[in-house]
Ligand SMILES: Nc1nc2c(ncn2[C@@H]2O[C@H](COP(=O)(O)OP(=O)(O)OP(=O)(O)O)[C@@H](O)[C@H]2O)c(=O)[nH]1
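Okay, here we've got a single chain as C-alpha cells, the form predicted on its own, with questions on binding and movement later.
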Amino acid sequence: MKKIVIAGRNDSGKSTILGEIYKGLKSKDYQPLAVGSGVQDEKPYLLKGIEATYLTIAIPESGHDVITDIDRVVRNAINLIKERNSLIQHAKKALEELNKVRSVLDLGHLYQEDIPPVSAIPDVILIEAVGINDGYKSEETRRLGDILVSVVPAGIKSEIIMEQGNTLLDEADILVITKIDETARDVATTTIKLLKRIYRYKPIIPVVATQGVHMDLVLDEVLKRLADPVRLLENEERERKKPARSG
C-alpha cells in the first residue's frame, strides 16, 4: 500500500492540500486513509471533506514527527474499519434471523437499509507530516513516503529555500506552492522562479487549494506515481466499455 506524505513547514497549508488530494483520489476510485497529525481533534479534517471512517489523528511527541509511529497508527486504523465491517455483517445476519421469526409470527419485516454498508479497505495512505522547527530537513519523512509532496508557502523567505540540507525540498517528488492568493504577486513570482531554477526537473505547481485552483495538476502528478499496470489496464478497459456519446 503506497504512502503519500504531505510535508512542509507549519502553517503552509498541508492539511488543505491533503483534503484536496483525498477528494481527488476518491473521484478516481481510490480509497485513501488520511492520517492527520499535530491537532487535538478531527474537525478541521472533516471540514475538508475527509470521511470520519477514513480519518485517524496521530499526536506526535514533542520534537518528533508522526512518521516514527506511522505503522502502528495505520494498522490500528485499518483494524477499526475491519472490526466495524465485521459488526455490520453480524448485524445483517442477525436481522435475517429475526425476520424469519417475525415472519412466522406475522409481525412484518425490519429492513436492512437501516444497517450501514461495509466500508472499503483503504488502498493508499495519505499522511500529513508536521513541520519540525518550521524546516524541510526530516530525512525520516522522505524515507517513509513512496510519494513525497512538499508544500512551500509562496511568501517563504529565499534564505530558507537556499539553506543546506533541505531534504524535503531536494528529494520531493512534487513541489506545491501554496497561498499565492495571500501573497504579493512579486514575492510569489520570486519564490516560484527561485524554486524552478534550483529544481529544474521537478513538477512545481502553484495552487490556491482552498478554491481548487491547479489542484487537478497536483492530482495528475500523484496519479502518475500511483499508477500500476493492472490499474491502467482496468481503466483502459472501463473507457472502452463506455457508450459512445451521440452527436
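Note that residue numbering begins at 1 and tracks the sequence as displayed. These numbers come from a predicted model, not from an experiment.
The same protein has a further form, the form predicted in complex with this ligand, not shown here; the description that follows concerns it.
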{"item": "This ligand: the contacting residue among Ala188, Leu195, Ile70, Ala209 in the predicted complex [heavy atom, 4.5 Å]", "value": "Ala209"}
{"item": "Sole residue of Glu42, Glu51, Asp181, Glu221 within 4.5 Å of this ligand in the predicted complex, by heavy atom", "value": "Asp181"}
{"item": "Proximity to this ligand in the predicted complex (heavy atom, within 4.5 Å), stretch among 98-106, 155-163, 115-123, 172-180", "value": "172-180"}
{"item": "Residues in 85-101 with any heavy atom within 4.5 Å of this ligand in the predicted complex", "value": "none"}
